[in-house]
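Okay, here we've got a single chain as structure tokens, the form predicted alone, with questions on binding and movement later.
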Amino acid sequence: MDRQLLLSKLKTIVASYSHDKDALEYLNETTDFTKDLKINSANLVDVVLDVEEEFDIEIDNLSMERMLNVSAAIEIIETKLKEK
């Protein structure tokens, strides 16, 4: 799957959890979920669950701990999609 498409789908997922709509507008691969988008740790779990559902993948705990920014999320999603 194309990285831009992944980025677009990820932006849609995190939109409902982001507390900084201006930062969401400029979401890119360097965007940090907690620092830039102000998503708290409880909502990060919701983001992971939504990602799993959207892409029909399973994200293990180790990968979940690494999923702190957009770049890491895209890499994890790409890896999990290749494993399918």
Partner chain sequence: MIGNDIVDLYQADADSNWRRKGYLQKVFTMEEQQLIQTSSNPCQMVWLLWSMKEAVYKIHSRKKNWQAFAPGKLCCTEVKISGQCASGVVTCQRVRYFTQSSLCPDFIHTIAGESFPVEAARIRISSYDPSDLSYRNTAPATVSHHGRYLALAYL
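Bear in mind the structure is a predicted one, so any value in this text is a computation, not a measurement. Numbering follows the first chain given and starts at 1.
One more form of this protein should be noted, the form predicted in complex with the partner chain, which is absent from this view; the next part is about it.
Student: If you check in the model of the complex, is Glu53 within 4.5 Å of the partner chain, heavy atoms only?
Tutor: Yes, Glu53 is a contact residue.
Student: Could you confirm whether Asp22 comes within 4.5 Å of the partner chain in the model of the complex, counting heavy atoms only?
Tutor: Close contact is absent here: in the model of the complex, Asp22 is far from the partner chain, nothing within 4.5 Å, heavy atoms only.
Student: Quick one: does Asn40 come within 4.5 Å of the partner chain in the model of the complex, counting heavy atoms only?
Tutor: Yes, contact at 4.5 Å.
Student: Using a 4.5 Å heavy atom cut-off, state whether Leu68 contacts the partner chain in the model of the complex.
Tutor: Taking the distances in the model of the complex, the answer for Leu68 is yes, it comes within 4.5 Å of the partner chain.
Student: Thinking of Leu7, Leu10 and Glu29 as one candidate spot, does the partner chain come within 4.5 Å of a heavy atom in every one of them in the model of the complex?
Tutor: Not a single listed residue reaches the partner chain in the model of the complex, so no.
Student: Within 4.5 Å of the partner chain in the model of the complex, which residues of 42 to 60 have a heavy atom? Give them in sequence order, or say none.
Tutor: Residues within 4.5 Å: Ala42, Asn43, Leu44, Val45, Asp46, Val48, Leu49, Asp50, Glu52, Glu53, Ile59.
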